[in-house]
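Encoded as structure tokens, the following chain is the form predicted alone, with no partner shown.
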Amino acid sequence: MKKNLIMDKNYLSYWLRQIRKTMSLIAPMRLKNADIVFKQVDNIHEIELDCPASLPSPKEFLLPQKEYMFRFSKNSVDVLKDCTKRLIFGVRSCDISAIDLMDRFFGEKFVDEYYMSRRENTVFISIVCNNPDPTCFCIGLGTGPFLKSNFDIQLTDLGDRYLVETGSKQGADLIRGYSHLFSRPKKSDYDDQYEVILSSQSKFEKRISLENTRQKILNEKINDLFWDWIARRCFECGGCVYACPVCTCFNVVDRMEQEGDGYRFRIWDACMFKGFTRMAGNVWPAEKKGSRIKQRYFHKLLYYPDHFGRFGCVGCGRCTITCPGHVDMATIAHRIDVGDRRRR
């Protein structure tokens, strides 16, 4: 199934144009306010190929910010599932790693049919990150800047051409029928790929090992005073949760349109919000902000490795950019690693 090919960059727009005839094409696009986001492509030439690694995550196409689940009336229930076929182009390696975690979260012990319906109809073309942002630290987690497995198609920018790697049947299907656009790689192509990867790895400004952080927590070297200090810097804005490509918090809401008729939808929520933990009887298991922050980081650093064998963080650095209180994953991991004794 895995296959390596070379494609001249001049062929990229034609290839995407042909694929768009059979499925919706999503890619990084620049808005009028100059922001770059993933959105449906109307004009192929407007796709942004040179964009920051920290552009918003494409997870909203698998877990939308608001998703209708079903409509109901006195006599029927109509389940609403999105089966639109999509190709999402230009995704970073860390986001593909995050999607792999989401696939396991929503598809293993309990299968979320809404997520899986979208996932089974979505194919990703990822691009090796030649120029990581200063906030990126995926290299310390093995989630980037390139992937060895668990991708559909991975492109490596070699200047005037791409090294194209297929890693799944869905990816191979996108290549089939367009053999005239591709050629076999030469030794010089692999040499160039190796240089690109070495160059990218050398550009990382952050080298963070979350395993050290995890072990200090497991060894009970971090007490609640530390989390209370972090809580005093937290604005409870939820930005870290919404920007994170791994976070899956949502709430489910029923709305009535008229007597007996209505619909159910789910919306993104945040474990950092006090109301997220409220239970029946007005019980608050995590009423204090420090408890909620502790729970969030225990979830990512302890519970995810226990259940999935990987951290609930892919080192994308988005929370570093988003958090106004500077209590993002990288900062907290650094403080725990260096042992800030004044606050513990």
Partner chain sequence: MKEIYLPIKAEVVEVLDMTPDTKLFKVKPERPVHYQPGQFFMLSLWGKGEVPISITSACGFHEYVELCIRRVGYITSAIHEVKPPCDIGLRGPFGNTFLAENAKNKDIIFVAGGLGIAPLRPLITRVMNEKKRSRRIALLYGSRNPGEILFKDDIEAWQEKGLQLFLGVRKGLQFILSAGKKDNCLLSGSGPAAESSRIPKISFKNAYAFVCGPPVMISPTMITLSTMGMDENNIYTSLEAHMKCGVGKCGHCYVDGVHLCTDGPIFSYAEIRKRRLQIV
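Keep in mind the model is a prediction, meaning the values are calculated, not measured. Positions refer to the first chain, counted from 1.
In what follows, reference is made to the form predicted together with its partner chain, a form of this protein that is not presented.
Taking non-hydrogen atoms only, L141 never approaches its partner chain to within 4.5 angstroms in the model of the complex. In the model of the complex, none of the heavy atoms of L225 sits within 4.5 Å of a heavy atom of its partner chain. Its partner chain is not shown here, but in the model of the complex it comes within 4.5 Å of a heavy atom of V79. Taking non-hydrogen atoms only, L198 never approaches its partner chain to within 4.5 angstroms in the model of the complex. With its partner chain omitted here, the record of contacts in the model of the complex names 260-268 of 198-206, 148-156, 167-175, 260-268, defined by a heavy atom within 4.5 Å. For the candidate set V123, L163, L101, C249, a heavy atom within 4.5 Å of its partner chain in the model of the complex is found for exactly one residue, namely C249.
Contacts between 301-325 and its partner chain, taken as any heavy atom within 4.5 Å in the model of the complex, involve only Y303.
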